[in-house]
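The chain below stands alone and is given as structure tokens, in the form predicted on its own.
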Amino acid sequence: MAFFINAKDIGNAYYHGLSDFLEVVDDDVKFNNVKEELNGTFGVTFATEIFTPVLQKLLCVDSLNEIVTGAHLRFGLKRLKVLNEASTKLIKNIPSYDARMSYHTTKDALSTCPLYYPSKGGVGQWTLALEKKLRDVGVKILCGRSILGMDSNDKTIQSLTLDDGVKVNCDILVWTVPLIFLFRAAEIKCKTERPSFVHTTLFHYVIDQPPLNQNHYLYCYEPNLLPFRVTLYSNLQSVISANTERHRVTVEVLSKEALDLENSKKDVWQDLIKMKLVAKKSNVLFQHTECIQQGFPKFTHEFVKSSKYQYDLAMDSFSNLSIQGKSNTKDWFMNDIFKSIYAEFGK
């Protein structure tokens, strides 16, 4: 699970920040951007000393004025750890404080989203298992195809034309990829600006020593360290790691521009040692780097407005269209996407 930031780590400013934090009681306020939201939710001191540098690191921006409200929630930054354990338990009985305060230990927090991971193989096992179930009940799956055209009548999509000329009749179309491809197939004009993206780089390491931390994954909010998220696969598949004496660690780094990979992979490794996640004596048996230039868009007002415009245009154009995934403008995390799909089709 993700652990929340301990506000006491900011030192002398903590008690001033705690005063600001405790005096915030009105949780029904409209904010124009995430900077205003953080000031009005956690108090100016905690917003300035904690959230601002963290979000500048994660969103790769210089100012939070251009970022929409709720952007911090996409990185698990919903609460802060303040006071002590006993005081926290008491004051969290007040809803306004409960929404902003974290428990001090995981045993006090009930997990509502258990983590499932294959005992062998990676998360691709999910896809393979779902594909097999679909094929077993007679679903025909076409891979490597694209949609070139669309026939519709009175806002009802009747058929799709694939890139090999095959026509597929359509009762309902469930769309999960960027909407720009839907507009091209339907010959609908939709002029929007290309969003700015955060670069994502994945650093994969295989080492000969087990990790020093027992979590499955964790977030690094420290602005002076490169990692954002670290996944300790040895803790997810401990039996395999113990038998092979090979331990896998993947580090996700966010940046404004593409990184110098040779220097960055050395810096990332040193950061893992500083974070006490791997032993200094560990030997790197294998390493690999992946670059994703369009990791995810920056959550600016322009991007959110454009996404909403595209969603409304698509839904107004067709009556038998369902938009799922990140294009539906409300879901970002995979568990939210699953819930939305189940709510529409699973009951």
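Predicted model, so just to flag it, every value in this text is computed and none were measured. One-based numbering along the sequence shown.
Another form exists, predicted in complex with a small molecule; not displayed. Remarks below refer to it.
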- Message: Looking at Asn84, Asn169, Thr176, Asn243 here, can you tell me which has any non-hydrogen atom within 4.5 angstroms of the small molecule in the model of the complex?
- Response: Thr176
- Query: Which of Pro53, Gly40, Gly70, Gly295 has a heavy atom within 4.5 Å of the small molecule in the model of the complex?
  - Reply: Gly295
- Would Lys256 count as touching the small molecule in the model of the complex under a 4.5 Å heavy atom rule? no
- Query: Could you tell me if Thr200 has a non-hydrogen atom within 4.5 Å of the small molecule in the model of the complex?
  - Reply: yes
- Item | Partner proximity in the model of the complex: Asp271 to the small molecule, non-hydrogen atom cutoff 4.5 Å | no
- Looking in the model of the complex, any heavy atom of His16 within 4.5 Å of the small molecule? no
- Work out which of the listed stretches, 150-158, 93-101, 176-184, 257-265, brings a heavy atom within 4.5 angstroms of the small molecule in the model of the complex. 176-184
